[in-house]
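Let us start with two forms of the same protein chain, each given on its own as structure tokens and named structure 1 and structure 2.
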Structure 1
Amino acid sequence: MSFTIRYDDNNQELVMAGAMSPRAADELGELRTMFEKATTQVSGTLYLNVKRLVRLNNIAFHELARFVAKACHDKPDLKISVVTSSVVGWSARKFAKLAHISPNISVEQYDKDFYPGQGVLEDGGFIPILRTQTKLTWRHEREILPRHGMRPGLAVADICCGIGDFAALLAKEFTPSRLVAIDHAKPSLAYARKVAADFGIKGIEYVYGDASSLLVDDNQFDFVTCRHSLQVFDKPELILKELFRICKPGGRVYITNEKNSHCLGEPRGESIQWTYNEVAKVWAHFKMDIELGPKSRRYMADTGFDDIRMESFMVTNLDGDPQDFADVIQAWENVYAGQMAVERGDSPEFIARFRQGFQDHIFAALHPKGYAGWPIWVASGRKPA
């Protein structure tokens, strides 16, 4: 049987992972022992974390149900919370049956609201503009990536790949020996597969997955990327731990994030500055941190990376067609002022002023003597050998 089980005393959590397919119940002796030990030590709630349990046959399920029923009978004040994931589609349905054993048992699909801003950022109208964003940033990143360890022939994972355009560019520019692109948004993955097919790009493995609990073995990739994504999670440290885990010793993890309050433009600089300061506050309301960029070094150091390299670049209206820059800003206005500020409950007067700053940024971008900028921070770290 290829499954693991461990007990985390600090979180009162029993974690099961892998494929649990015993031929007989007595093969689950270790699980029974660890479960009984956990129930005697816990006060309050015992969490059964099955987010990474990719297979479970009937023998294993019935034994687990028996362990749970016995624990509830022997310890009536014990609560048991089973934590599942939508990435493993059968999991929530299967384990929901345990909730019928006792009112003290609950089953939670933890990623039902995967991260606070997912519904906003997966809006169908926002997907096409992401390709324009990547077009603007790629001019810089194709030169930056080699300085952070990217080279041809590596095994590469692009986590939170979104619509997959960055993975497609990596495939064409650096010809990885393997390229896996993972995202939790099914609409984005569908779009990614279409883009790859339209461009005739083969060999990218597009996978539905949860960045905070990847169904990927340890030490798999030479180079792991995660762009513009830590800033949209309320617990970015969980994502970094996963990136660290799947990276090979000696390999590198590469991340990009923003500090939106440093967006700038002239003319009409004061209006632009006010609006982007407010963007940061709107994101914070939804438990996201659009100011994360300069914090990347600290996050990477806390995770355990060494040889941390960090730099920043400014995407501007001079990077190709200024209309591309203007289109990106317009998309931001539609999402941040047209949706997020409304959901936050902002007044019409505030939203009107908020929108004006985006329009002034567009004005600066398209003005024949204007300048408009959008700063991005790059950081990478090596997993110690």
Structure 2
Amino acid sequence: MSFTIRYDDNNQELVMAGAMSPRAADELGELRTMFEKATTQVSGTLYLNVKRLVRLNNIAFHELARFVAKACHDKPDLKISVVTSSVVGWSARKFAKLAHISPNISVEQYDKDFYPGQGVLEDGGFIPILRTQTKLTWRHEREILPRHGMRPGLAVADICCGIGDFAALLAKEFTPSRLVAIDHAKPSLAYARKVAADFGIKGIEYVYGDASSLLVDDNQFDFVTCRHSLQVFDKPELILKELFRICKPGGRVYITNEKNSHCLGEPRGESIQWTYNEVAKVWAHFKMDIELGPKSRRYMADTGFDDIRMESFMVTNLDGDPQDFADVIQAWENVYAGQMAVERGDSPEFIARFRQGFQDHIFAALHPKGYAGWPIWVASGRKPA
């Protein structure tokens, strides 16, 4: 049996992970000892973290239920909170049974409501933004990627793949030996699979998962990408740690992020500038850092990468059809002003001015003598061999 149990006193958290399928209940002595130790030590709530428990047979569940019942009996004011993950399909349903033991037991899915922008990002409204964005960034990144170690034949993972268009482009351009694309938005994954099928692209594994707790073994991939996504988490270092973990020693992790306050355009530069400064604040309100781009180097170094390479590029209205650029800005306006500012409770006056900056950016993009830009920072690092 490959499973681990550990008790973290600081968080009052008992973490069970791996596959637990004993033949007989008496093989669970370690769990019992830990459980008893934990229940005597905690005050208030004991968290039972089963996010990465991928298998628990009925023998083990039955025994665990016994420990839980005994704890509730011995310590009537003890509360137990079981933390499951929607990524393990059986987990929430199975653990819900424990709630029958006592009203002091609650069972929750931690990833139902677990990062600030989840509502906005997972309801499907982001799909049009992502699609046009990737169209614009790809013409730069296809040339940038090889400088960061991308080449044909690698095992590649794209974490937070969104609608999977980047993965599809990678598959065509670099023919990886394996390509896994993971996201936590089901509508985006459904879209990704449909696009791949429509274009006859085979072999990309689109997988539902959580970037901060991937059900992927250590040291699996030569090249791990994560684009425009560290900036949507309140704790990007946790994601980076996971990217590091699944990367093979000697392999590389590649991330891209923005610094939206540096978006620019002429004419109407001032209004544009004002709006993008406000974009940064709206994102910060939702605990996301759309200014993360230039901080990537520090994040990579702190995670333990070496040979860190960094560069930036600017998507502009002169990259192909200016209407594409304008479409991206329009999509931003719809989500940032139409949803996020509204949710923050901003006044109609503020929202009108906020929207104006986006319209001015579009104006600059489509103006025959205008120039409009969106800067992006690329960073990659090697996992020490």
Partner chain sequence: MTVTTGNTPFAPLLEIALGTDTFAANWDHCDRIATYVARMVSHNRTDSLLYANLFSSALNELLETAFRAHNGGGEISCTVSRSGPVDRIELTIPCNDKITSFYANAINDLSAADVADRYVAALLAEGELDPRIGLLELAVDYKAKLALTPMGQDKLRLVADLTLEDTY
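Under this definition, the rigid core comprises the largest set of C-alpha atoms superposing within 1.5 Å between the forms. Just so we're on the same page, residue numbers count up from 1 along structure 1's sequence. This structure is a prediction, so every number in the text was calculated from the model and none was measured.
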Just checking, which of these two is the form predicted in complex with its partner chain? 2
After superposition on the rigid core, does the Cα atom of S177 shift by at least 2 Å between structure 1 and structure 2? no
Honestly, after the rigid core fit, is L56 moving at least 2 Å at Cα between structure 1 and structure 2? no
So with the core overlaid, does the Cα of I105 end up 2 Å or more away between structure 1 and structure 2? yes
Cα shift between structure 1 and structure 2 at D8, which is computed once both forms share a superposed rigid core (Å): 4.3
Here the CA of R32, compared between structure 1 and structure 2 on the core, is shifted in angstrom by 3.2
